[in-house]
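Only one chain is given next, in structure tokens, and it is the form predicted alone.
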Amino acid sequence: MTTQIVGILFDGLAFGMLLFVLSVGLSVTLGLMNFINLAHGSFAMIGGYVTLTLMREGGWPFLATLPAAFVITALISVAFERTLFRRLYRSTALNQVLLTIGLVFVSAAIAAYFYGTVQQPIQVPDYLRGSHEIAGVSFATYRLFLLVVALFLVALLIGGLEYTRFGARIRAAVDDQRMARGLGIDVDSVFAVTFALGSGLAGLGGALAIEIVGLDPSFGFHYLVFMLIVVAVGGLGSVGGSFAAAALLGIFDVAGKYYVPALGSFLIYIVLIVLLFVRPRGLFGKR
């Protein structure tokens, strides 16, 4: 029984870490920039297809494609931020939702045209396959890798956004753009870099997700719901909150499917409702 519980907790935590990597960029753009970017799932899908293309067509090793997925997705997002999204920063939430959800439909159609509608698997290197047995419990190597990546990202983001001058500039630009400009802060550049960071993280998450959940043109739709749940439960603008929420939801999702299969994935929605009733701002939300 103990071995079974530990295994379920580990698998749930690993899935939660995948959700964290996918959603932390949305926490950055939505929580810090006040921009409702429902196209975030599409940027995650782009990162996945970048990794797929580089591995199949270019013969790149898997680990080398991860920074490429981050950078290429970030550059693509900057083009959208400069041409489309910047015009909506001061617009209504409805306008932001309509534009970005429209981009999800467009990106799904483009992906289906070039890659087809079937799942696109990849072959991870041998050292990330298999499992390690510790105290009679089997831990999948790739899931351990996801855990390490997520812990590294949460430390890097919290340190960068909370304890650096750039993080202070982001908060100043969000709170009062006029005052920030008066202090000499290039608000447009700060927002562009912040948006690129959030979208690049989505691309990295999409690349890491292929081995666990696969990749197809509906990726931007399907996992956008999970991303929004993580951000809502964690609290807007809180990287640590997103980390805690993703871990919690991942564990509940896996445990629910194992112990209460009749509920399936619906259990995380119950968790969402209960938590938001108790803490409407999320676990660590400040507003």
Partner chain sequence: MPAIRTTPADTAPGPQAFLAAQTRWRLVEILFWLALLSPFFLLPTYLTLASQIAITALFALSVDLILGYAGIITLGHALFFGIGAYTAGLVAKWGWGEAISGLVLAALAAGFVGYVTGFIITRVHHLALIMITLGLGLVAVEAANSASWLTGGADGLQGVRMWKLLGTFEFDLWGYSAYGYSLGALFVFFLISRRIVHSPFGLSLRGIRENLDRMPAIGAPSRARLHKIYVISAAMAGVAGALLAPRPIPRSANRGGPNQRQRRPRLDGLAGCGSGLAGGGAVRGPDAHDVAHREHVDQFAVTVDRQVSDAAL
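We call the rigid core whatever largest set of C-alpha positions still superposes within 1.5 Å between the two forms. Residue numbers count along the first chain shown, from 1. The structure presented is a predicted model; accordingly, all values stated were derived computationally and were not measured.
Keep in mind the form predicted together with the partner chain is missing from the figure; the text below concerns it.
Student: Please tell me whether any heavy atom belonging to residue 252 falls inside 4.5 Å of a heavy atom of the partner chain, as the geometry stands in the model of the complex.
Tutor: Close contact is absent here: in the model of the complex, residue 252 is far from the partner chain, nothing within 4.5 Å, heavy atoms only.
Student: Mark residue 155 yes when one of its heavy atoms lies within 4.5 Å of a heavy atom of the partner chain in the model of the complex, and no otherwise.
Tutor: Residue 155 lies outside the contact set for the partner chain.
Student: Report yes if any heavy atom of residue 149 sits within 4.5 Å of a heavy atom of the partner chain in the model of the complex; otherwise report no.
Tutor: Residue 149 lies outside the contact set for the partner chain.
Student: So, in the model of the complex, is residue 93 in contact with the partner chain at a 4.5 angstroms heavy atom limit?
Tutor: Yes - in the model of the complex, heavy atoms of residue 93 and the partner chain come within 4.5 Å of each other.
Student: Since the partner isn't included here, can you check whether the partner chain sits close to all of 127, 143 and 247 in the model of the complex (heavy atom within 4.5 Å for each)?
Tutor: No residue of the spot touches the partner chain in the model of the complex.
Student: Going by heavy atoms within 4.5 Å, which of 52-60, 214-222, 238-246, 66-74 lines up against the partner chain in the model of the complex?
Tutor: It is 214-222 that comes within 4.5 Å of the partner.
Student: Out of 89, 105, 139, 115, which one falls within 4.5 Å of the partner chain in the model of the complex, going by heavy atoms?
Tutor: Of the candidates 89, 105, 139, 115, 105 is the one lying within 4.5 Å of the partner chain in the model of the complex.
Student: Name the residue from 98, 110, 192, 84 that puts a heavy atom within 4.5 Å of the partner chain in the model of the complex.
Tutor: None of the others qualify; the residue that does is 98.
Student: Once everything's superposed on the core, is residue 9 shifted 2 Å or more at the Cα between the shown form and the other one?
Tutor: The answer is no; the displacement is under 2 Å.
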